[in-house]
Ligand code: UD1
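A single chain comes next, written as structure tokens; it is the form predicted on its own.
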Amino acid sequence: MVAIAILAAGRGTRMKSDLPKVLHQLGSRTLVQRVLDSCQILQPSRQFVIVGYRSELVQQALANPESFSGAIEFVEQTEQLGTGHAVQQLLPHLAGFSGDVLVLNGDVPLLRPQTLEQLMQIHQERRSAATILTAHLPNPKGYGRVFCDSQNQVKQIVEDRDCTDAQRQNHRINAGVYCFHWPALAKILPNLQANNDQQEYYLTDVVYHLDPVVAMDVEDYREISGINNRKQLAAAYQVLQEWVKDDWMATGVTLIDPDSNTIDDTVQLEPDVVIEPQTHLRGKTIIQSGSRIGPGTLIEDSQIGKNVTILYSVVSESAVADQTRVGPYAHVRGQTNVGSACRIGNFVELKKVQVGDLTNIAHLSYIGDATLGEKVNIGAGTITANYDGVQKHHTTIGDRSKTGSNSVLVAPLTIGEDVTIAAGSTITEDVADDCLAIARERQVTKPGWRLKFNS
């Protein structure tokens, strides 16, 4: 059995924010959610988040754990008196627990699931009382050094200020991630002392009272990067982006200019997708093979079919089917579903629209709260007037119907199949199948008339 404990009680004053540090976003997820997600590979039997500063916000943020394997238990740390004090709060909650406890920090969001899986495997194979994650830093100044024997058994942890010149040549540092055999740790926790300048209870102190303690080096030291300020948050995002984009290019995705793109690690891409420069993919977006996205495009929480082209446009919370062309400068949003082989063109906005296959909305139109059939053609400047000042109303347009330029369709409205709306019409009444609808004033021309100016 494995229990997870995430330390998430601190404010993070260097973030210069009223928001708890662990709730700041890294990509599409908060720091603490990323840490929780990384643990799910272990299938933990218990999951604890130790909260303190504005704990209600942390609990609200984790109230609907879609990606977590079980319930989250919140433990209050009313005073932040160090890492040892935080783990002491678990004593009444884990009374009688005989398994292992993995202790993580809510502000260390880049740990990969496979790293934690390897840490747990080594811990169990070695039957350690404690296993700690370590890293070799290029510049370990300021970090405590970890000294091990040839079997990676920890012999000593020395703070940077206490190291000799020879000891400072050791670049192995403590990453602050621990796996403990809980019965052994539970015996020691009540006896921790705050005999230090900060008058805090340090979890590292338990290492001297447990045997054996084993170290495992992380493969990429950047995984253990902590977030204490906005600059470090930005640096972590750059690391994350490097990993994500390298992984996608290795699977057959073309990134024309990777440095100009951002891709959330929740996005799914198929081989032979091409991502043009200045394109950003966010949330739970899925893009299927053969599609070409960008340049200058934002897609968020949307599903894009095969062989779709989207140019200089925004697509959010919507779906675009195979072989459709979108843009330039289109905005598709609000749970819109665009069928296959459609054309959504220049300066077109769609909101909460169902668009049938082979339908064209080529330019300069707003279509909202509507259902369009197949092979519909929307003329330039057509809009659905869907809002009466109080409520939104629906417009339905049947198969093969056409609107002329500068048509206004005043909802609620039903346009039948094979209907033609004359250019410049304002349609306020339903139109049956196979009709021509004209709703405009007859043109009046007055010869010899001109404006008269005072001389």
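For every residue, the number given is its place in the sequence shown, counted from 1. Being a predicted model, the structure only gives us computed values, none of them experimental. If you superpose the two forms and keep the largest set of C-alpha atoms that fall within 1.5 Å, you have the rigid core.
Keep in mind the form predicted together with the named molecule is missing from the figure; the text below concerns it.
Item to complete: Please state whether every one of the three residues A9, Q77 and Y143 places a non-hydrogen atom within 4.5 angstroms of the named molecule in the predicted complex.
Response: Every residue of the spot touches the named molecule in the predicted complex.
Worksheet item: Pick from P295, G368, G82, P258: which has a non-hydrogen atom within 4.5 Å of the named molecule in the predicted complex?
Response: Looking at the other structure, the residue within range turns out to be G82.
Worksheet item: Which listed residue (N228, Q114, Q354, Q153) meets the criterion of a heavy atom within 4.5 Å of the named molecule in the predicted complex?
Response: Of N228, Q114, Q354, Q153, the residue with a heavy atom within 4.5 Å of the named molecule in the predicted complex is N228.
Worksheet item: If you check in the predicted complex, is A86 within 4.5 Å of the named molecule, heavy atoms only?
Response: It does: once the named molecule is placed as it appears in the predicted complex, A86 has a heavy atom within 4.5 Å of it.
Discussion item. Taking any heavy atom pair closer than or equal to 4.5 Å as contact, tell me whether D100 reaches the named molecule in the predicted complex.
Written reply: It does not: once the named molecule is placed as it appears in the predicted complex, D100 has no heavy atom within 4.5 Å of it.
Item to complete: Determine whether any heavy atom of Y178 comes within 4.5 Å of a heavy atom of the named molecule in the predicted complex, and answer yes or no.
Response: Looking in the predicted complex, residue contacts with the named molecule include Y178, since a heavy atom lies within 4.5 Å.
Worksheet item: Taking heavy atoms only, is G106 within 4.5 angstroms of the named molecule in the predicted complex?
Response: Yes, G106 sits close enough to the named molecule in the predicted complex that at least one of its heavy atoms falls within 4.5 Å.
Worksheet item: Counting only non-hydrogen atoms, which stretch in 121-129, 168-176, 311-319, 334-342 is within 4.5 Å of the named molecule in the predicted complex?
Response: Only one stretch qualifies here: 168-176.
Worksheet item: With both forms fit on the core, is the shift of the CA atom of G305 between this form and the one not shown 2 Å or larger?
Response: Comparing the forms between this form and the one not shown, which are aligned on their rigid core, G305 does not shift its C-alpha by 2 Å or more.
Item to complete: Would you tell me if K352 moves between this form and the one not shown by 2 Å or more at its C-alpha, with the rigid core held superposed?
Response: Comparing the forms between this form and the one not shown, which are aligned on their rigid core, K352 does not shift its C-alpha by 2 Å or more.
Worksheet entry | Exceeds or equals 2 Å, Cα of P140 between this form and the one not shown, core fit | Yes, the C-alpha moves 2 Å or more.
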